[in-house]
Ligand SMILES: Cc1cc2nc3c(=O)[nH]c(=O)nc-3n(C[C@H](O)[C@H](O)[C@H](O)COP(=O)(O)O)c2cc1C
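In C-alpha cells, the next block holds one chain alone, the form predicted on its own.
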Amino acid sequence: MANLEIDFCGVNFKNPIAAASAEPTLNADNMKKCIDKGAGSVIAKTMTDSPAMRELTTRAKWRFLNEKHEVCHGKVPRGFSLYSRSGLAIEQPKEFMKEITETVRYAEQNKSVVIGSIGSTDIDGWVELAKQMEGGGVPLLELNFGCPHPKLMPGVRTGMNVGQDFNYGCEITAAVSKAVKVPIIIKVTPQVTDLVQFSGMLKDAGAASVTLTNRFIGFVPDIETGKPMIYGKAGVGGPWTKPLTLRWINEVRKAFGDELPITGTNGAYDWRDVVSFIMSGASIVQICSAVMCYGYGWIEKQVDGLDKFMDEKGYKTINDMLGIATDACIEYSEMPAEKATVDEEMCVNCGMCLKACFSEAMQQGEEKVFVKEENCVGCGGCYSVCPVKGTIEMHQV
C-alpha cells in the first residue's frame, strides 16, 4: 500500500494534492468541500487590503475554451483553456480571517492543511496581512506575486506587478520572513525572463519555497462578433500549460534540489499530471481549473488515481518519485543517436510516415514502407504519426 504522505517545509501533508487559491477556496464553506473530498491541503483565496481587487471578484467572469478558443458549451476537452477575469478574496481582512480560523480548525480535524495566501499593495501591508494569517493558525503562508489580474488594473501594485520586479519582490519577502515564524512560499508569475534567478533571489531573501507558476495574460477575440471574449484581456491557464510549467519546475529543481521545495500549479488536470509534476520536482501539486469545471468530486478521483498508480508501479512513497524525471534529464548535446525501424507485418501502408519524414528516410516499397537507414536522423516524426502502435520503433545505435 503506497504512502501518500509527504513532509513539506516541516509540515506533514496526508497527500500532495492541493486545491489552489481560486474560487473553489473562496471562503470557509468552499474550502471545507475541498477537504471533504480528500485534498491534502487547501490554499485560501488570496486575502488582500486592495479594495479594487476585492470588488473585481464580485464581477468575476470565466469561460472554458476548446482547442479553437471557442466556448465549450457542453463537453469540455482535456486540453481546455480557462479564460477568466477575477480578483482576490471578497471580504476585508478582518472578516476573511474568520473564514481562515474556521477552516484551520476543520482542516485539523480532517488531517488536512490550510495554507494562507496574501496580496498587498505596499510592504507594510504585506507584513500586516502575514501577521494576521499567522495569528489565524496557518502553518504555511503563500505570498501571491503572480496573479495576472492586477496587471490589468491601473494603479494596483500587487500580484504580477510585484513578481515582475525582482528587487521589490525580494524586499517584501525579506520583510515578511522577518515578521513571521511560519515558512513562506512565493507564488510567481511565468511572465518573466528567468525564474531560476528569481527563485534563488527569493530563497536568499527568506523564502522557504516557491510556487511555480501562476497564470498568463491572454487575449481572445470572438470572431463571430468582432469583440473580445469577456470584454478584454484576462488570465489564461488550464491543462495546456503543463509543459510550460514543468519546464520551470525542472530548472528550479535542478538548480536548488531539496534546498528549495516546490509547489506546482497551472496545468495539473488529473492524477497523471500530478505524477508528472512530482517527477519533475514539485512536492505539492495544486489543481484548480479542472475543479472549477467538474466540481469538488474531481479532487477525490485524483487522490484515488494517484494511490492506484503508485501501487501499480511499486512506488512506496511520494519521495520515491520526487524529481526523478529531472534527475534523468540530459542536455541536447548528450542525446543518443537513434534510427527508426518498421515491422512490415504490422504496417498498414497508410503513408503517414512518408508525409512526416523530411530526410527521405521513410521510403515506399513495392508493398510496404521501409527505412533507408543512412538517411534516418532519428527524429521520431514517423513514430509519432503511425496509427498502429508498435509498427515503428526508435532504437539507439
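Quick note: we count residues from 1 along the sequence shown, nothing fancier. Since the structure is predicted, the reported quantities are computational estimates derived from the model, not experimental observations.
Not pictured, yet referred to below: the form predicted together with this ligand.
Of the residues given (278, 186, 133, 268), 268 alone sits with a heavy atom within 4.5 Å of this ligand in the predicted complex.
Interface residue among 283, 120, 112, 286, judged by heavy atoms within 4.5 Å of this ligand in the predicted complex: 286. Contact with this ligand in the predicted complex, judged as any non-hydrogen atom within 4.5 angstroms, is confined among 150-158, 217-225, 289-297, 133-141 to 289-297. With a 4.5 Å cutoff on heavy atoms, residue 210 does not count as touching this ligand in the predicted complex; it lies far away. Remark: residue 169 does not count among the residues lining this ligand in the predicted complex, judged by a heavy atom distance of 4.5 Å or less. When contacts are judged by a 4.5 Å heavy atom cut-off, residue 86 counts as touching this ligand in the predicted complex. This ligand is not shown here, but in the predicted complex it comes within 4.5 Å of a heavy atom of residue 22.
In the predicted complex, 45, 46, 62 are the residues of 44-62 with at least one heavy atom within 4.5 Å of this ligand, listed from first to last.
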